[in-house]
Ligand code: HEC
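Only one chain is included here, represented as structure tokens and corresponding to the form predicted alone.
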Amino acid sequence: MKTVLQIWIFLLLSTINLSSYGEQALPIIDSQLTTLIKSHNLTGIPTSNKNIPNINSPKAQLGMKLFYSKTLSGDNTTACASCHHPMLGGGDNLSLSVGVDSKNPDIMGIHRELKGSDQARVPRNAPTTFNVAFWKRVLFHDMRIEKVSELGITTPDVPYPTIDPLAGDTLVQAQARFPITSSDEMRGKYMNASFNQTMRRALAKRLEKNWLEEFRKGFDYADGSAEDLITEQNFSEAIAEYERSQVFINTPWKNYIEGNKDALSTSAKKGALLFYTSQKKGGAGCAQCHSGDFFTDEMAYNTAMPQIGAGKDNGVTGSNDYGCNLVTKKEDDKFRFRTPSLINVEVTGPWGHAGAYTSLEAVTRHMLSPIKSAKAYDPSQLQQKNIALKDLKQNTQEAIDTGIHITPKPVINESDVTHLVNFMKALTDPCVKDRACLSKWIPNENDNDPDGRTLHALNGKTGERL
């Protein structure tokens, strides 16, 4: 049995290999983590001086009703919440979302399907809305919503990187204006040949019939007219207020940083050491990209994620997805996708820009050895039917050949995966697993439903409400 002194000397030399040590090594692990926490300037709180809305505020309550209203879709069948439900991690638990033309618009999760035998049309996984208020620079997988300066935000409605004068005041408001313009997500065939802004204005006009009192309460304007209050800028602002109120950061890791050394398991602590220690010192170096208290540098990288699904009409096959290149048109941006935040990552799968990985263990193995994992990718893990796979190998190989931006870990033990996954599970706020806790962000069946089109999502297997 090694003495504590021998363990300490070993740690000084190799920094990270703790797999052979038991509980007696915990004080040393805690000491090393304390040093790493200080060196990475971690506080456990993603950012300070953020004006986070209260879910009980009138504007956030209006935003919640709009977020769950099918009225904002072209055919009155699909809501924002159809792809972003709190009980599904702020996403939809699908690799590739199903928006319009679903068999049953009220069903969510892995049992949500398109009508007929159509293949999944939405090319990317639905990012979580949880903690969306903490993004400072970019939104969407391909970063097509970007704060380009203190003066404003660029969006797909204007040439990149031109500032969009209608983007709104926050990244979240700018983002909220686009799912309703996507023919596969919410627009359907409604006004399909019209400009995005024309459609948004038409939806605002649609709301005038039944929503005036809700907008008066939400914007505290008792005598406001429909013409003044029910505008696309106001409904996107209210939706953003609701989304930005979804703050879930009270994690075991935060508690650990604040001094509770019992907040993490031994395995999670070993995972934290791997996560924050560079590869040169024997770690995994995850924090190089998943940096800071929000666990993202808000940059984009090619990590050779398997290219499943319909893609974005790119490449020789016409079914590849060039990621950020579609926004910037820069050759070097092909296959780059945004670094996701890892807070609550346990509940926000499937993982990857197209949801190729359906377990946290699988995506962790990929990030430790991207090329090996991508070439050996097994699509049988996909729970969703009708995902296009015929060009999977060719499209993924093109991503690999373009050049990945991540260094594989030289030696990977299965224990590394276990420890890293356990650390990432310590980034979960218990509230996101608790229906009672999340109930403030989900409309009650007894709430006022302005036009009878509120989505009360159902579990497709049990028929129960989510």
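The structure presented is a predicted model; accordingly, all values stated were derived computationally and were not measured. Each residue number is its position in the shown sequence, starting from 1.
Not pictured, yet referred to below: the form predicted together with ligand HEC.
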Checklist entry - Is residue 105 close enough to ligand HEC in the model of the complex to count, meaning some heavy atom within 4.5 Å? => result no
Item to check | Touches ligand HEC in the model of the complex: residue 322 (any heavy atom, 4.5 Å) | outcome: no
Item to check | Contact flag, residue 275 vs ligand HEC in the model of the complex, heavy atom cut 4.5 Å | outcome: yes
Checklist entry - Any chance residue 241 has a heavy atom within 4.5 Å of ligand HEC in the model of the complex? => result no
Checklist entry - Pick from 216, 201, 147, 144: which has a non-hydrogen atom within 4.5 Å of ligand HEC in the model of the complex? => result 144
Checklist outcome for this item: Only hit among 374, 88, 153, 363 for heavy atom within 4.5 Å of ligand HEC in the model of the complex is 363
Checklist entry - Thinking of 83, 139 and 420 as the candidate spot, does ligand HEC come within 4.5 Å of a heavy atom on all of them in the model of the complex? => result yes
Next on the checklist: Only one of these stretches, 95 to 103, 257 to 265, 154 to 162, 222 to 230, has heavy atoms within 4.5 Å of ligand HEC in the model of the complex; which one is it?
Outcome noted: 95 to 103
Checklist outcome for this item: Across 99 to 130, the residues having a non-hydrogen atom within 4.5 Å of ligand HEC in the model of the complex turn out to be 99, 122, 124, 125, 126, 127, 128, 129
